[in-house]
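A single chain, nothing else alongside it, follows as structure tokens in the form predicted on its own.
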């Protein structure tokens, strides 16, 4: 079944914690992104677990560096107790393989995903950087990630089905920028609703603004979970 990740993208730590308190009884993932982690650090992750130890945490830092540095960072993430993290597929197969090799010695490890194409990219913008169309490159990045031993990829819902066809149903896809009920896309270019994501075999959907901008985030989450 598709799972929900709630994006903790609010401007302050207090606002994020207030949101977590409101939704603490739901079986959802919490996504901690770059701004939140840089600002609030490891202590914030511990505070999440204090509110509800059963919350699963997706640390969304999108590692991208030379292979050894990425592997060092991944090993440091192991000490944070998170359940999922990601890195950029465009760092290359050697970097991805090095990360997974470094994690082999641990008895358990988080889910590791590779970012294919950021959902903020338009087709034209993506081609300027990668000299390829999004769909073809996302497929290639997914194959590279699978060959490197990763568990899945971050992609838009529009690429998920093709990626599943190439890699298999067990290879996970996580799609950001989901607008559950047709809300405004904001700075995202490739957005989809829940029905489309479900039809595209997405494993995890990330929802942020439609939840945390609502006056009743609990009600929104309940409606989303009913559709999953």
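Numbering follows the first chain given and starts at 1. This is a predicted model, so every value here is computed, not measured.
The same protein also has a form predicted together with a small molecule, omitted here; what follows describes it.
Per the 4.5 Å heavy atom criterion, the small molecule in the predicted complex is contacted by stretch 111 to 119, the sole one of 75 to 83, 111 to 119, 141 to 149, 98 to 106. Interface residue remark: residue 31 is counted as part of the site for the small molecule in the predicted complex, having a heavy atom within 4.5 Å. The small molecule in the predicted complex comes within 4.5 Å of a heavy atom belonging to residue 154.
Under a 4.5 angstroms non-hydrogen atom cutoff, the small molecule in the predicted complex has residue 212 among its neighbouring residues.
Within this chain, residue 7 lines the site of the small molecule in the predicted complex, having a heavy atom no more than 4.5 Å away.
Taking a 4.5 Å heavy atom cutoff to the small molecule in the predicted complex, the contact residue among 179, 161, 56, 198 is 179.
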